[in-house]
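Next up: just one chain, as structure tokens, the form predicted alone.
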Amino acid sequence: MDLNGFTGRKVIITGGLGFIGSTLAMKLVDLGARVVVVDSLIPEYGGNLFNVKGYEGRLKVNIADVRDEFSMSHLIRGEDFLFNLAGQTSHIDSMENPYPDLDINCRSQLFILEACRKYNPAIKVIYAGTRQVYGKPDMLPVREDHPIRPVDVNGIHKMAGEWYHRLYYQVYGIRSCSLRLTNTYGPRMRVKDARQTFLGIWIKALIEGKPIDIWGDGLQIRDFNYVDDAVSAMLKVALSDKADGEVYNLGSEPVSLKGLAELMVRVFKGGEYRILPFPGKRKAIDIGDYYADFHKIGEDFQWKPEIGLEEGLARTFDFYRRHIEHYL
């Protein structure tokens, strides 16, 4: 797909100083878009000014919280595209303190969509959904029509956020699309804790000379997308009316957690892993095996993951070897 459709267009990215948002922002700048990134820079949520180093003069940074409806109402006016990536991602945090998760992943989504309805109904919205909405799969691979049964507060709120977007399309014609992301990884991801993805804390462990801790038996299956592939999917659906009102899975070839740890040790050229019993809080919300059927987005937009897991891990380790001090 020709991505020149972003040239000269106005784009706003919530969560734009985060891992995926910053990667998307820089790509859009390179495509000639006029980019505004919005981020609260609240320490727990992953925003990092270093993520856009080298692009500071080529995009606009607005420090604002998506829970501030007045700020969002002002910022959304006149924009052509909204990539709505702001969110609370920690499953454990959502269970221990559900109210901030409710505010960020539900209430703020209504603020954003109401601002679109009132002040910019022609805007195109891409929502960062999650595989977590499916809960424990009944069958593998998981298709978009799989039953929705989240196993934690975060999954319920992300499900609601996605449905708000679909509802505003159906009732008000707000052109929106949701991508149900799987485990996304790559440079600029949060590695100082597991609030964003367990893969980040595994990378940090290897760099610090500590073992990777695998909970359970290590045979759990997951799939992973390198961040550039996730960004590619977002750009493709943003430029097409065919995506309006739709949801799409992203995904890749599945791998066991033990197999992933072995690959990481090999790519890193050092380290070890150990298999430990599940902590009680984690076990209660674990989804077991998961990998997605992503044929729908492949058929509609010729999307498929281009960066294999070994190459993606090598690129990621190279980034953190050079820049780890900015992420601890």
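Because the structure is predicted, anything quoted here is derived from the model rather than measured. All residue numbers are counted from 1 along the displayed sequence.
The next section is about a form of this same protein that is not shown, the form predicted in complex with another copy of the chain.
- Proximity to another copy of the chain in the model of the complex, defined as a heavy atom within 4.5 Å, holds among 44, 289, 262, 69 only for 69.
- Checking 207, 255, 167, 201 against another copy of the chain in the model of the complex, a heavy atom within 4.5 Å turns up for just one residue: 167.
- Although the partner is absent here, residue 79 lies well away from another copy of the chain in the model of the complex, with no heavy atom inside 4.5 Å.
- Interface membership of residue 111, defined by any non-hydrogen atom within 4.5 Å of another copy of the chain in the model of the complex, is confirmed.
- Of the heavy atoms in residue 87, none are within 4.5 Å of another copy of the chain in the model of the complex.
- Residue contact check for residue 193: none of its heavy atoms lie within 4.5 Å of another copy of the chain in the model of the complex.
- None of 247-255, 122-130, 212-220, 90-98 except one has non-hydrogen atoms within 4.5 angstroms of another copy of the chain in the model of the complex; the exception is 90-98.
- Within 4.5 Å of another copy of the chain in the model of the complex, a heavy atom is found for every one of 148, 156 and 160.
- Interface residues of 100-132, taken as those with a heavy atom within 4.5 Å of another copy of the chain in the model of the complex (partner not displayed): 102, 103, 106, 107, 110, 111, 114, 117, in sequence order.
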